[in-house]
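Listed next as structure tokens is one chain, alone, in the form predicted alone.
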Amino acid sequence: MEESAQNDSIVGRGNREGADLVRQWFADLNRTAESGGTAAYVFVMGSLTEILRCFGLPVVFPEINSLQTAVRRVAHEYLNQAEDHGYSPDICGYVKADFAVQLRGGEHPMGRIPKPALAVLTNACNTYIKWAEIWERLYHIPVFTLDIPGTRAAGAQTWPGDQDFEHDRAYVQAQLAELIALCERVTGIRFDLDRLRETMGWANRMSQSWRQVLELNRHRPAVFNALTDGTIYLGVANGFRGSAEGGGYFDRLAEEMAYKAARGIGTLTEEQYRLSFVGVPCYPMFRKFSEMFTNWGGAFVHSTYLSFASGGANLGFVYDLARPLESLAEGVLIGVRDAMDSMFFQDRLLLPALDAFHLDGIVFHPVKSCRTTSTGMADARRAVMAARDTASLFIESDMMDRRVVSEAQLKNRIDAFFEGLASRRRQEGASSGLRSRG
């Protein structure tokens, strides 16, 4: 009885508390908007919230705002409004939904979104720059672009101590000094180095625990669904990075996952197949999309999305608080570079995961309105299949636009994929039986 009560209090706690925190975050943004306050508009790949929190700036993630319109099944209203204004159906759905939010004075399913005081972005996504130019035109705000030197070629990453890396780190650090000066001008608040150490300390706790959570999903059965549960965790990882709430949440999440792993408590009652997900989820039918896999006993135990959309928190990088600015530049460089690598060199992430996470198959999910994550995905699939005899599924839909999502076609393709996995397993079992008899 006592064990059952403990299960009830711990199992599922991360999802409950994560959903509460995300609602709290939007409620805080709503209060800021209603009071006439402003915020910093940032992105998931390189948000620099560690610095922005030093100036009391609330952070708005337009990517998260947009996906919430899809999850709440109203994205089409926002997309239609932006397209009526002249935006092409072919461009990023996140951008169009956000533009409609601006046209509506911040109106959003989760509450009003405050106007920006400044925008901070990196070059991790080519759309970020053009997106920020929309806000610049609408609000005449300063836009800060952090230029992160990316990996020159697959496998060519440099690391601390290497001369090229140190040059890149110094380049990033000089830009961070420019951002701090800009924040001082915008807010009228002097930069406090001790406050930065505090936010970086909370970010350290988050990153270490997030890395532990990801690695615990190597257990059989998987302790969380990387597609559905993982999206909740990402919301907290971005919205509460550098805060006590974020650090504490991930400590408790790691505790929950360790508890489940030790007791063999899985995300599915009966786990049949272990899968990796590549790309951005299908938010217009988020729950149904997931159920098309879980109904077959398919568990997403790994996802590239949890790498590139967590802004580097997945790496477990620990800032050196004795040299905060230098270490922040180092962490941002490594984290944003890893986010880009997770999109552009997917095979390098997937091949080690095949054995580490005991994968039965990989699901590649290119989407119509995000070329950054989708371009090259077919090549990555071919590279993985050339290196390993691995089952894979290539299905196309969208992260926002329900007009291009066909539930029936997706289900047919997914059902065929699982039938193939079952056939493969029977053949492997027959071969194993022949070898044992021989």
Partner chain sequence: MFESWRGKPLEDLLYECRELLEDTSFPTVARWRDGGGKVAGHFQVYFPEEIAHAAGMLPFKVRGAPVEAVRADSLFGSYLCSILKTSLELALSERIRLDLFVTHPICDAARNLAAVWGRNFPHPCQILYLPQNANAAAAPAYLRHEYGRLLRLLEPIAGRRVSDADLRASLAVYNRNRALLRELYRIKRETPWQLAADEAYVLVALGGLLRREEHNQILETALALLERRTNKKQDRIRLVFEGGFCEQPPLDLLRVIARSCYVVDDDLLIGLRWVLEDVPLEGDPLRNLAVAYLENSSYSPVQHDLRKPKEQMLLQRIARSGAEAAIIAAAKMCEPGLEEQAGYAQALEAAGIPYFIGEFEEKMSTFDQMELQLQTFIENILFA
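Residue numbers count along the first chain shown, from 1. Not measured: the values here are computed from a predicted model.
There is another form of the same protein, the form predicted together with its partner chain; it is not shown, and what comes next is about it.
> Would all three of Ala75, Pro281 and Ser307 be in contact with its partner chain in the model of the complex, where contact means some heavy atom lies within 4.5 Å?
Negative, none of the three is within 4.5 Å.
> Can you pick the one in Glu271, Asp347, Glu326, Glu255 that has a heavy atom within 4.5 Å of its partner chain in the model of the complex?
In short, Asp347.
> Go through Asp251, Asp194, Asp164, Asp320 and name the one with a heavy atom inside 4.5 Å of its partner chain in the model of the complex.
If I apply the 4.5 Å criterion carefully, the residue I get is Asp164.
> Can you tell me whether Glu198 touches its partner chain? I mean in the model of the complex, with a 4.5 angstroms heavy atom cut-off.
Taking the distances in the model of the complex, the answer for Glu198 is no, it never comes within 4.5 Å of its partner chain.
> Since only the chain is shown here, I'm wondering whether Ala391 would be in contact with its partner chain in the model of the complex (any heavy atom pair within 4.5 Å).
Contact check for Ala391: no, nothing within 4.5 Å of its partner chain in the model of the complex.
> Even though the partner isn't displayed, in the model of the complex is Ala39 close enough to its partner chain, meaning a heavy atom within 4.5 Å?
Heavy-atom contact with its partner chain at 4.5 Å: absent for Ala39.
> Just to confirm, Ser369 within 4.5 Å of its partner chain in the model of the complex by heavy atoms?
Yes, Ser369 is a contact residue.
> 233-241, 164-172, 204-212, 357-365: which one contacts its partner chain in the model of the complex at 4.5 Å, heavy atom to heavy atom?
Stretch with heavy atoms near the partner: 164-172.
> Within 361-393, which residues have a heavy atom closer than or equal to 4.5 Å from its partner chain in the model of the complex?
Lys368, Ser369, Arg371, Thr372, Thr375, Gly376, Ala378, Asp379, Ala380, Arg382, Ala383 sit within 4.5 Å of the partner.
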